[in-house]
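Listed next as structure tokens is one chain, alone, in the form predicted on its own.
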């Protein structure tokens, strides 16, 4: 696996003559095989921070390191899952899973066997030749997960991956991820608005405030593993959930700061 280190990361977006400071001086280390969630209200920069780690967005200041090496672009060492599965509707589940190897010229009988194995692992054995429109919401997310894992990433970056699912399907996907992580222990950074999800899944929860986005507190989740959804009813879980929720409330903050862009118009 791999570790991730953010050192004094900042990000601004220009809007005409105005600049919105989205992130300011964000520092965080995610250890090898650790599961860390980012929580906070909309607009605090959680998704921007995740995309910076993924190499899809450049930071304006600070350093982003994976195993000590600077992140300069997306890479196969980092898999990313979004709120919507983003499967190709014209491809079967198997062909969606094999998209990466085919796009990079690494398609082979071994890759196909690996894809079939992954689809068995995520519970889609027997659905390899179905199309996305023939799958339920949870099944589409499992297919997207299999596709992301084809590259055997060291780090999984997840942006509200279960946010669009109904409550029962979401709980099933949370348990699926918990069970898989418990077996494989890959490094995970999860962005979520759901405090209960963050507490259930994580080793630590980083709480972000807006105006601009900053990490104000990192809360260790000292609950035993392996975990299941039934744990959410225990007094220890309820206490931790209350602590994280109170921290999110304290972090409510202001709207992002806008300043004049000194380079605009030059």
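It should be emphasised that the depicted structure is a prediction, and the values quoted were computed from it without experimental measurement. Positions refer to the first chain, counted from 1.
Although not depicted, the form predicted together with a small molecule is the subject of the following passage.
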Problem set entry | the small molecule contact at residue 247 in the predicted bound form, heavy atom, 4.5 Å | no
For this session: Evaluate residue 234 for contact with the small molecule in the predicted bound form, applying a 4.5 angstroms cut-off between non-hydrogen atoms, and reply yes or no.
Result: no
Exercise. Is there a heavy atom of residue 44 no more than 4.5 Å from a heavy atom of the small molecule in the predicted bound form?
Worked result: yes
Exercise. Even though the small molecule is not shown here, does residue 48 get within 4.5 Å of it in the predicted bound form, heavy atoms only?
Worked result: yes
For this session: Heavy atoms, 4.5 Å, the small molecule in the predicted bound form: which of 61 to 69, 194 to 202, 223 to 231, 35 to 43 makes the cut? Say which one.
Result: 35 to 43
